[in-house]
Ligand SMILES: C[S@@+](CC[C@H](N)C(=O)[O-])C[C@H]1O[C@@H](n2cnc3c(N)ncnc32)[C@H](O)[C@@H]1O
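Next up: a single chain in structure tokens, the form predicted on its own.
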């Protein structure tokens, strides 16, 4: 299970007196400083309309630190946050974590109907029974676990003879901690078809009533880790598919293009990139061809 060790923050010397909660104002200049810092560290672009949201999400943190202004908080981040703990807290507070099982079902239908049967047929010819899939920006884990369910259903009785590894990553530590438990409420799992719920989930009883635990045969396919898409990626081998849905829309335009280019370089020939439906334009790069429904295939490499 992923754990995030939270170090105690040392007492701050000479902190400005803390005004009442509703008096801490986030001005344009302070917002710009924080926005630029977030973009430099993560690629996330905070539009001006996000100023009030940023103010609300950080206000309690300023109070707990005894800071009287957002500029003082920026100074802390840039001058005294040697461990990187506070910038991680900031990132956790501003990232979007909305997700659900079987979100954009047409993409999973394509996997089940077309892509996986072709991979299984190819494996019958070559003997290579191996799948590597990355869910980038996986939030609380519904997406990579959905991928695992679709793969297991497609492989059927032969699943045990396949080498399947699914990586779920996010920049937000809190959602990764929840994802690693494999525990969801019945409401969170409402998008899972009934037959898959019965086959791949365990129902809680007693004090755990209303909770669902993903079965071990599903969980063992999925590994969770924290990845900042601006950093080096711990990807040791070529991938068969990358899911990065509703992530690029939050990134700066230049970062969108660079991240997409890097995704292409991680793929095997014919590997797939699944994007969000609002992200069609970001996938139109050399080396990709559209298959519709925000699915792109990597073109074969030119002969050497």
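Positions refer to the first chain, counted from 1. Quick caveat: nothing in here was measured; it's all calculated off a predicted structure.
Only in words, not in the display: the form predicted in complex with the named molecule, which the text now covers.
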Verify the contact flag for residue 139: yes if a non-hydrogen atom of it lies within 4.5 Å of a non-hydrogen atom of the named molecule in the model of the complex, no if not. yes
Can residue 227 be called a contact residue for the named molecule in the model of the complex at 4.5 Å between heavy atoms?
yes
_If we define contact as a non-hydrogen atom of the residue within 4.5 angstroms of the partner, is residue 171 a contact of the named molecule in the model of the complex?_
yes
*asked:* Even though the partner isn't displayed, in the model of the complex is residue 130 close enough to the named molecule, meaning a heavy atom within 4.5 Å?
replied: no
Of 223, 181, 188, 96, the only residue with a heavy atom within 4.5 Å of the named molecule in the model of the complex is 96
Answer key, the named molecule contact in the model of the complex at 4.5 Å (heavy atoms) among 103, 199, 165, 113: the residue is 103
Only one of 46 to 54, 28 to 36, 262 to 270, 249 to 257 sits within 4.5 Å of the named molecule in the model of the complex by heavy atom distance, namely 249 to 257
